[in-house]
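One chain is shown next in structure tokens, namely the form predicted on its own.
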Amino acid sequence: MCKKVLSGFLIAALFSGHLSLAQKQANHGTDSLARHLDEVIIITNKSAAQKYEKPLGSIESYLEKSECVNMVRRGAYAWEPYVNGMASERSVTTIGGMRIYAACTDKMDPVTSYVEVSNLSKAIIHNGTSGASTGSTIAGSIDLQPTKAGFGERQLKGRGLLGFESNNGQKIVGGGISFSQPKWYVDVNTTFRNAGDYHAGGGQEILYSQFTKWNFAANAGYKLGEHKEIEASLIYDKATNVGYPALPMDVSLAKAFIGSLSYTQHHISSTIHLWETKIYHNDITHKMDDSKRPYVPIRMDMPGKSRTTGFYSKLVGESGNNHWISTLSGHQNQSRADMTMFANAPGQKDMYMLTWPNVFTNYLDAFVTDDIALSEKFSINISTGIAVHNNVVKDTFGLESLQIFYPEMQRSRTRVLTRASIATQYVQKNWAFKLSVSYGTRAPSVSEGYGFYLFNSFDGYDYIGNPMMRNEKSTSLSAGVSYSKGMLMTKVSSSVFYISDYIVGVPNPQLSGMTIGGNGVKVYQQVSWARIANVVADVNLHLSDNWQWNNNFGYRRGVAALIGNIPFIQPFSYSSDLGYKYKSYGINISMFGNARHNLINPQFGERNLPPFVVFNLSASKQFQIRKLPLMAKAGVENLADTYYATFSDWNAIPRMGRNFYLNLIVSFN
């Protein structure tokens, strides 16, 4: 039934594209709306390599530069993005518009862990439901855009990457090559990383923080006509021997296959400039095990599997002062995870349970956004979306296990999810003002709805899902003002989210825990409300052609009914970066810090953390070696070897101490 519905949506998307062919030919085209409410982080190009302290850092190091993204860290690998202080269940992360579901019940493999900086061009971050074309969300969305050579003049390009870090002995090797011409293009790239255990400030070794990762990506395109083209992409990512020092288990394998095929047509009519349709499939495998730990109460294996097949079809157009995008999308995901606990004594039986009972998620979505230029100074953006969300528990054993707690539970449940936003922008000389109001809903995640005894090492509880919960709902208000004149550019922005039917784990003393030494069982329930407020300020000074000084300040506050303080909420934080460039040389000195983290919730495992400040230093040089441009960047992180942990470090695991690094990027064309 669900496959038929998905097919129907795909046919409708294709039919809408064919209808648009009857319109008049356009005299110009466009790629997207003016994204005045987006935050764009450039990842792969020359300016990005020069801008960031460590150009060959992980994708997480790029994303945490965002004003609304924090990264929750369980080790040195695969950090979880929190958008506007909210966990990944409340946001949507995509790769090139493709929906991907993680395969780990412990969030050890967020979507961001399956890409590399070498195969991404930029990250587009939406705040709240504004611009949320990839799915219904509350906190916001992150779309990681793959890099590709594109059509153009006949040209061969290539890059080589080499990096080393002293603290954990990380070695980075990679490269890519691309060929483009007017009719077709192809590019491939690969990156390999290998790291041992890192050391915290003062020299303490953080055991089980090693990892090995290999990533391969390829893109190809072919022009069917002057304004018609097809493109294919592939990402293969494999990580092995990944340690998670903040968790009781490690990962022996995390593997992803992500592929897509798209058709694009430009200059369709005077009102429709672009039609793009993409079909995609991704297959994620994740295996947790504790075989490398010297002592555990009981040995266990926890493999997980996630498969997603989907599509989207997008129309971009313009009519008068209206600049609009309409998107029709759908996908089906299968999530399954189980756990085997091995007996310690001969004759005892092993214990087995389904932690994700083979849950199918069927999702169909329609979204429209319109950017209206009312004058040269004033514009308004209106967006709205509606989705049909359906969960089906395919495994009978898993269904019957959950029915122990919810006898009235049905195998299938369908929900309707809605979202809408209205935003305005006014520009007057050196000033710009923004104001937006948004409403969004979301369904419980697979873990929140159908998880079965999922252990949370942060608070020490086993969690049980609740398929009977209602949709979570959020109303948000965002405002911002910026001023730019001469050498000064400053910006202040804030947002407030009021969430009703807030989903959170609540202790149930009547249930017995499964984990040895655990604190008990929490069942996902809904409290009446939660509030999260964010304030961010930037002050940037272009002191001269050679000197640039950037400063950032931020604060978040989150509380909810019954539970009080929401965990993993950022205290007052600050950062400052002073950069100097002269000809082919560059020097940067930077610092960042947090105030004391004392607005905590001990019920969720949080603890008071002292304030800290960390200094970094880096230098870069542009070379020419046999006419090949080479960029070398060297630096030291945590210059004073400070021992510290942040609010977003799981179980307050300390961060890396002093770390010397060297990044080399050579290119040719």
Partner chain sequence: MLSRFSSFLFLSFLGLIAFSSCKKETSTIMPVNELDGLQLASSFTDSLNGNIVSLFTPSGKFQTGYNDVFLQIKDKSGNLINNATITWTPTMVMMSNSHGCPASGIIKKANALFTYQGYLAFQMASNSSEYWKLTIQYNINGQSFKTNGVINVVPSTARTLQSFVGNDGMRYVVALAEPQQPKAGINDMVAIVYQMPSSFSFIPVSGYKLKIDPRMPSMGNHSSPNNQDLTQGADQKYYGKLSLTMTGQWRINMQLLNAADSIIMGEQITPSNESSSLYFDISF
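Note that the structure is predicted; figures quoted are calculated from it, not measured. Residue numbers count along the first chain shown, from 1.
Below, we turn to the form predicted together with its partner chain, even though it does not appear here.
Enquirer: Can you check whether residue 188 is within 4.5 Å of its partner chain in the model of the complex, heavy atom basis?
Expert: No, residue 188 stays farther than 4.5 Å from its partner chain in the model of the complex.
Enquirer: Taking any heavy atom pair closer than or equal to 4.5 Å as contact, tell me whether residue 404 reaches its partner chain in the model of the complex.
Expert: Answer yes; at least one heavy atom of residue 404 falls within 4.5 Å of its partner chain in the model of the complex.
Enquirer: Although the partner isn't part of this model, could you tell me whether residue 397 comes within 4.5 Å of its partner chain in the model of the complex, counting any heavy atom of the residue?
Expert: Within the cut-off, so yes.
Enquirer: Any chance residue 332 has a heavy atom within 4.5 Å of its partner chain in the model of the complex?
Expert: Result yes; residue 332 sits at the interface with its partner chain in the model of the complex.
Enquirer: When you measure heavy atoms, are 412, 452 and 512 every one within 4.5 angstroms of its partner chain in the model of the complex?
Expert: Yes: 412, 452 and 512 each sit within 4.5 Å of its partner chain in the model of the complex.
Enquirer: Counting any non-hydrogen atom inside 4.5 Å, which residue from 516, 207, 488, 261 sits next to its partner chain in the model of the complex?
Expert: Contact check passes for 516.
Enquirer: Answer with one of 341, 373, 420, 432: the residue that has a non-hydrogen atom within 4.5 Å of its partner chain in the model of the complex.
Expert: For this set of options, the contacting one is 341.
Enquirer: Counting any heavy atom within 4.5 Å as contact, can you tell me which stretch out of 452-460, 538-546, 250-258, 232-240 lines its partner chain in the model of the complex?
Expert: Comparing against its partner chain in the model of the complex, the contact stretch is 452-460.
Enquirer: Determine the residues of 350-372 with a heavy atom within 4.5 Å of its partner chain in the model of the complex and present them in sequence order; the list may be empty.
Expert: 350, 351, 352, 353, 362, 363, 364 sit within 4.5 Å of the partner.
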